[in-house]
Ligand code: X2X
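One chain comes next, on its own, written out as structure tokens in the form predicted on its own.
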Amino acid sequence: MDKSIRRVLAITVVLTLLVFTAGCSGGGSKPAEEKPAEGSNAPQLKNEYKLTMNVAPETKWGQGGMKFAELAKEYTGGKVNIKVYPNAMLTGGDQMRQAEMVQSGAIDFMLNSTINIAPTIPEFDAFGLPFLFPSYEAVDAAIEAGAADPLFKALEKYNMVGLAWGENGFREVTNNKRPIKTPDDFKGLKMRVVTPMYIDIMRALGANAISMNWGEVFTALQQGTIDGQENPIVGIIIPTKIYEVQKYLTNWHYSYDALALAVNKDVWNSFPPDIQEQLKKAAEDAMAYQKQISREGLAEGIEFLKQQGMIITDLTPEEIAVFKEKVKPVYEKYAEKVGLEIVKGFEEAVAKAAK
């Protein structure tokens, strides 16, 4: 082969090797970074999501929150990990700020009483209207009939999505002064309550209503700063040992306390459809469990309170009717705030369940 041809071939080989080496080395242009598939712009899941509730884990309410966290992890195959923060610790003990912080996205999830949500979203006072529900069966009938759906719809206007309903239960009244059988028995009693509707109810009955965060109540009862309070038996009175600082309890089912399991809307939209479906099922199953354990211990709970020395007063339908008439103006006032169409939906469901 001619020397000049061999020289050209040699130069060509060298140049080819140099180009190949440059392409494989760290110098020169770098390979393009791997990009997500076109149209796949879903946010990454967080390592941990926060859930707030304003009670301790050992309460029936608290157990519901823990069960949701457990099922959320199970149903999503470990993709969604929820840490439960009890006793409103994320809001410095201020139970009324929880909805606000979920709305803003500072907290991801909440298992919150409708009572605590109502000051922000008035529709949530629907469940607590005085003497609306005569029984747990009536509550179930109203939810199954869709009467509560407008409440979750209202939640969306505040950047939240409702997932399922739980329950704290019917609120019964306790005090240290005397048995309560008539509205006159409330006169002069210093009663702890939370929101404006309950303040108005107590004032209509002649009591001195005092708004107070739950964390302060036990000591206030112990020291006589207040005379009484109102809460569900199994949900709050027994697990928080209110019976140690209260002598009298009246069973009157005057107000029902529902729990809303909800999530920040932006957080919810960050989940792909399959995880949304799994979380929805986790919420429904957890709240079904929570309701079950709340109700199954009620009869035993009343007997337990009697054994602890509490004097239990059971009101007759006729005695309850007197209270109902006394607080009728309060009912009408807050029915307007809730929305008359929403209240009508609840009333019709309750009436149908009674037939």
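Note that residue numbering follows the sequence shown and begins at 1. This one's a predicted model, so the numbers in the text were calculated from it and none came from an experiment.
The following text describes the form predicted in complex with this ligand, which does not appear among the structures shown.
Participant: In the model of the complex, does residue 227 have a heavy atom within 4.5 Å of this ligand?
Facilitator: Because no heavy atom of residue 227 falls inside 4.5 Å of this ligand in the model of the complex, the answer is no.
Participant: Does this ligand come within 4.5 Å of any heavy atom of residue 278 in the model of the complex?
Facilitator: Output for residue 278 is no: heavy atoms all beyond 4.5 Å of this ligand.
Participant: How about residue 214 - does it come within 4.5 Å of this ligand in the model of the complex, if we only consider non-hydrogen atoms?
Facilitator: It does: once this ligand is placed as it appears in the model of the complex, residue 214 has a heavy atom within 4.5 Å of it.
Participant: Residue 260: heavy atom within 4.5 Å of this ligand in the model of the complex?
Facilitator: Looking in the model of the complex, residue contacts with this ligand do not include residue 260, since no heavy atom lies within 4.5 Å.
Participant: Pick from 233, 107, 126, 194: which has a non-hydrogen atom within 4.5 Å of this ligand in the model of the complex?
Facilitator: Result of the distance check: 194.
Participant: Only one of 287, 327, 55, 51 has a non-hydrogen atom within 4.5 angstroms of this ligand in the model of the complex; which is it?
Facilitator: The residue from 287, 327, 55, 51 that makes the contact is 55.
Participant: Looking at 179-187, 164-172, 245-253, 73-81, which lies within 4.5 angstroms of this ligand in the model of the complex, counting heavy atoms?
Facilitator: That would be stretch 164-172.
Participant: Which of the residues spanning 93-114 lie within 4.5 Å of this ligand in the model of the complex, based on heavy atoms?
Facilitator: Residues within 4.5 Å: 95, 113.
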